[in-house]
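Single chain ahead, written as structure tokens, the form predicted alone.
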Amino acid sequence: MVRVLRLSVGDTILLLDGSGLAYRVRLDLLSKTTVRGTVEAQIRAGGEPPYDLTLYLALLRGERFELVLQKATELGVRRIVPVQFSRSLAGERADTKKLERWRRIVREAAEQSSRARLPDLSEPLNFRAACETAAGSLAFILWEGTAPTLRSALPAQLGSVAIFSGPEGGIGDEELTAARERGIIPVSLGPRILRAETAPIAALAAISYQYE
């Protein structure tokens, strides 16, 4: 606030509580170590899409996974579930340190985009467990093979939806079969093969464009 934004006493800022509320605060004291202000109003924060979206995201190499976390948060996901696919690389694992870093990235992206709610970042699941949690709901898996387009598969009205996005090595045939058996629908994003970090961002942007 002091060094970067160069705010002064008397300026007004908006604080988000991560659960849907925002607070308009007048700054009364600013120093290098202390910020004090007066809450002038509590309001319902905006920035949330009119649908509930869960992203089941394959564990990717460090910076690529973090990029998707950031952009998915900006694009309005409610939940992000890291998923271990059969073709995920051995080094693509989540430990406590990584989870803390990922949650910080999500929080900072939510702040930057003025999200009313802080997206939930779940503990990692293996692919079959992830499919079980999505079974019975509207869910799509991004597939580079022959499949209907995401645009053609989306309903006229969207309440909640889940998107599965695979690893750099692609989705295995057994995984595709397991997804289909649980009602998860394979869909295509078009004629081009997208990188593992590009595909989920493209899918989320398409959904945002369609319904917001």
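Note that residue numbering follows the sequence shown and begins at 1. Since the structure is predicted, the reported quantities are computational estimates derived from the model, not experimental observations.
Note that the form predicted in complex with a small molecule isn't included here; everything after this is about it.
- This chain is displayed alone, yet in the predicted complex one of 121, 75, 116, 142 has a heavy atom within 4.5 Å of the small molecule; that residue is 142.
- Though the small molecule is absent from this view, in the predicted complex it lies within 4.5 Å of a heavy atom of just one residue from 48, 174, 168, 28, which is 168.
- Judged by heavy atoms within 4.5 Å of the small molecule in the predicted complex, the contact stretch among the candidates 40-48, 143-151, 66-74, 177-185 is 143-151.
- At a distance threshold of 4.5 angstroms between non-hydrogen atoms, residue 21 is out of contact with the small molecule in the predicted complex.
- Although the partner is absent here, residue 196 sits close enough that one of its heavy atoms falls within 4.5 Å of the small molecule in the predicted complex.
- In the predicted complex, at least one heavy atom of residue 189 sits within 4.5 Å of the small molecule.
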